[in-house]
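Just the one chain here, the form predicted on its own, laid out as structure tokens.
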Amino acid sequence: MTSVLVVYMTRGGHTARIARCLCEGVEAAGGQATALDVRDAEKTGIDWARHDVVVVGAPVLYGNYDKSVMRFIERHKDALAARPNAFFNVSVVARTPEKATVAGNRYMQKFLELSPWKPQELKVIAGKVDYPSWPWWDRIMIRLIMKMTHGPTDPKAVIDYTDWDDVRAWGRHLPELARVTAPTA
């Protein structure tokens, strides 16, 4: 049975939900999956030998990735590269088709420029607007960004742009990565 580890960073919980959905997809395909918050992974450590495939996921926050994700990648780039692997990002800008692709998503391109790890597979996932649950500063800033990008600005708006069927389908695909020859570090 193929074992897939999904290490993720989440701030409001949406990326954690995506990680769990990926795990559901892996399990539906007959694999075994574990979702692990990057902070927990750093505290408890990872038994890399237990996992055939590793996936890292992170939301885009104000155009950047949380430092904890980049530290994790820097610290574990050799372990990540030593097995089939993938990376996904989550952003509200991916609500439009042209920005939901690896080539069209500037935040994925930024990740590829900054990351010392070069994942074998990449995925862009649309995120969620949830003004009521965000701190007041985030509500103001994100509404401003949304106004500039022609997105929703209603302070009561809760809009989930995530294509959950696509997330599950990618999860079902992840065990297939183990069928390819593991990369060398």
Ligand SMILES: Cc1cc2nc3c(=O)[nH]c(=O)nc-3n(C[C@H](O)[C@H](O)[C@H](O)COP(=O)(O)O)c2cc1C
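Heads up: residue numbers just count along the shown sequence, starting at 1. Quick caveat: nothing in here was measured; it's all calculated off a predicted structure.
Another form exists, predicted together with this ligand; not displayed. Remarks below refer to it.
Asks: Looking at 86, 81, 108, 92, which is the one with a non-hydrogen atom within 4.5 Å of this ligand in the predicted bound form?
Replies: Exactly one listed residue reaches within 4.5 Å, namely 92.
Asks: Looking at 116 to 124, 62 to 70, 22 to 30, 37 to 45, which stretch has residues with any non-hydrogen atom within 4.5 Å of this ligand in the predicted bound form?
Replies: Result of the contact check: 62 to 70.
Asks: Under a 4.5 Å heavy atom criterion, is residue 143 part of the interface with this ligand in the predicted bound form?
Replies: No, no contact at 4.5 Å.
Asks: I'd like to check something about residue 128: if you look in the predicted bound form, is any of its heavy atoms closer than or equal to 4.5 Å to a heavy atom of this ligand?
Replies: So residue 128 counts as contacting this ligand.
Asks: Just checking whether residue 172 would be counted as a contact of this ligand in the predicted bound form - the rule being heavy atoms within 4.5 angstroms.
Replies: Outside the cut-off, so no.
Asks: Verify the contact flag for residue 168: yes if a non-hydrogen atom of it lies within 4.5 Å of a non-hydrogen atom of this ligand in the predicted bound form, no if not.
Replies: So residue 168 does not count as contacting this ligand.
Asks: So which residues in 23 to 43, when you check this ligand in the predicted bound form, have a heavy atom no farther than 4.5 Å from it?
Replies: If the 4.5 Å heavy-atom criterion is applied to this ligand in the predicted bound form, 23 to 43 yields nothing.
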